[in-house]
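Only one chain is included here, represented as structure tokens and corresponding to the form predicted on its own.
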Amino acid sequence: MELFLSNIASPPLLFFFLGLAAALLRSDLDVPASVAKFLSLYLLFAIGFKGGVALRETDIGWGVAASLLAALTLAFIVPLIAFAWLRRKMSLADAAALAATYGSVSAVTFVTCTSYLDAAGIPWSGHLVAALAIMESPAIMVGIMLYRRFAPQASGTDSRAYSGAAVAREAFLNGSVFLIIGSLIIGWVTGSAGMDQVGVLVKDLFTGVLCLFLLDMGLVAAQRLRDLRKLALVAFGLIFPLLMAFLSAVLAISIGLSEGDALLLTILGASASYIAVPAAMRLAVPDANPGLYLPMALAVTFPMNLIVGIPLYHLFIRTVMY
């Protein structure tokens, strides 16, 4: 219970609630799109840079290799499970898009989890940022391949949207993926000397910027929630992440990850993408309905992971480990 209360009482999550309340009560509170984009860029830069510095100071051994291999495995397995679950309940395009959504990851959920660990004084390893980057793209590729496998002549689609170059560009050169990987590399190259130069920006301002970003996420999530009409979809958005969290936690513990690293791998397995995947799906699977996969990730799974998921997964990991 203490884990739940400490998470709910944290400033970032309280600002998320404030954004939800503002939208539901129809306040005129608004975060300009340009500001929201800046906040997103800052968070990706900060978490990537900090992870790169931490990675520079980490001995590359079995633990690191096992973590990255586990992350890559989840990136392929999770979308396949989601697709098998959803295929008979909706159109092929929507099932493939949702499979990619839930197989990919949410960088903001990951960042919030690192903030939770930092506040609790629990150490975590920088190579988990590399795991985040690794998991972003494969699920997109799996979702697209599933769509192509079962509907190679899908009507109304442009064959150019399936070109290998276009898919690779969306999957690997998406702005959020490119920035976090680039920041990770720069942090690794510059190490502690680089952190001394930008530490005020990367460390001291991090929680405050995260609060403003989650305020905006609360506003957006409340608005997107109105797009959902089917109870079964909402149930999937709540239940499926819990099952994938259990799978990810068991995998993390079985390969010997530390408490903090196990929680981060678990939250990666349980999260859903609402940035990289929508950009890719609009190009590669235009028949899919954005009114399903975007609000599912942003208005159902994202709040659930923030409010209940992080402390619940942490409690499970602690119970099994200790």
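Start at 1 and count along the sequence shown; that's the residue number. Just so it is clear, the structure is predicted and the values come from calculations on it, not from any experiment.
The same protein also has a form predicted together with another copy of the chain, omitted here; what follows describes it.
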Report yes if any heavy atom of L18 sits within 4.5 Å of a heavy atom of another copy of the chain in the predicted complex; otherwise report no. yes
In the predicted complex, does A22 come within 4.5 Å of another copy of the chain, counting heavy atoms only? yes
Close approach of L41 to another copy of the chain in the predicted complex, 4.5 Å, heavy atom: yes
Using heavy atoms and a 4.5 Å limit, would one call E57 a contact residue for another copy of the chain in the predicted complex? no
Sort through V189, A232, L243, L72 and report the residue having a heavy atom within 4.5 Å of another copy of the chain in the predicted complex. V189
Within 4.5 Å, heavy atoms only, one stretch in 245 to 253, 129 to 137, 199 to 207, 86 to 94 touches another copy of the chain in the predicted complex. Which? 199 to 207
So which residues in 31 to 46, when you check another copy of the chain in the predicted complex, have a heavy atom no farther than 4.5 Å from it? V31, P32, S34, V35, K37, F38, L39, L41, F45
